[in-house]
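This document starts with one chain, in the form predicted alone, laid out as structure tokens.
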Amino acid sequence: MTMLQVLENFARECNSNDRLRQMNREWNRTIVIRETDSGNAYWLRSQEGTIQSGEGSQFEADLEVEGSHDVIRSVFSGEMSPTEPYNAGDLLVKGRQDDLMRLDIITLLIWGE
């Protein structure tokens, strides 16, 4: 599965979860995701409760996520909690603390622990 497919699946899971759509209805943010090993960039946008995904870095980021391809794929596919690589320094997140916590809650609600 390509990284774009992983992020599209993540967005689809978010959008099919009524609780998340309600929770994110006023959380309008752009998350730019960068693979440190390849330099590839992707984005997730939350607008009025709907998540979209795409390739590139054409948007100004409210939240930036950086890590290797494998770490990012594992986190956004639900294979790994973001807490583990974040604490190990393998996943870097830049942005407001409340946005970081929101992203963590989203992954928890979609994939569980």
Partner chain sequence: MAQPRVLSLKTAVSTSAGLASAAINFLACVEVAEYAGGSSAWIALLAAGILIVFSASNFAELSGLYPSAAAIRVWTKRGLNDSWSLIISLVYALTVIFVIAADAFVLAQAFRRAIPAVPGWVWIAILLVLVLWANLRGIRVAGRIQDINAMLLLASLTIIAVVILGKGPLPPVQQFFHLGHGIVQSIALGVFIYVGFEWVTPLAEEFSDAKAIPRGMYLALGLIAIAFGLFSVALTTIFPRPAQLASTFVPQLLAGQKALGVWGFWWMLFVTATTAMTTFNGGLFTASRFIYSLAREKALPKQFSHLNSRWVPSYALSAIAVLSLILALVIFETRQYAVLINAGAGVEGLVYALSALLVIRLRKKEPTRARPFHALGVPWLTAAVGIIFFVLGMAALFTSSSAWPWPFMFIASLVLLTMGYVHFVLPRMKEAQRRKVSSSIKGNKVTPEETTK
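Positions refer to the first chain, counted from 1. On a predicted model such as this, the values are computed, not experimentally measured, just so you know.
Below, we refer to the form predicted together with its partner chain, which is not included among the displayed structures.
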Quiz prompt | its partner chain contact in the predicted bound form: Asn87, any heavy atom under 4.5 Å | solution = yes
Quiz item: Does Asp62 reach its partner chain in the predicted bound form, with heavy atoms at most 4.5 Å apart?
Solution: yes
Self-check item: its partner chain contact in the predicted bound form: Arg12, any heavy atom under 4.5 Å
Solution: no
Quiz item: Though only this chain appears here, would Asp18 touch its partner chain in the predicted bound form if you measure heavy atom gaps against 4.5 Å?
Solution: no
Quiz item: Which of Ser68, Asn28, Gln52, Ser57 has a heavy atom within 4.5 Å of its partner chain in the predicted bound form?
Solution: Asn28
Quiz prompt | Heavy atom within 4.5 Å of its partner chain in the predicted bound form - qualifying residues of 66 to 101 | solution = Gly78, Ser81, Pro82, Thr83, Glu84, Tyr86, Asn87, Ala88, Gly89, Asp90, Leu92, Val93, Lys94, Gly95, Arg96, Gln97, Asp98, Leu100, Met101
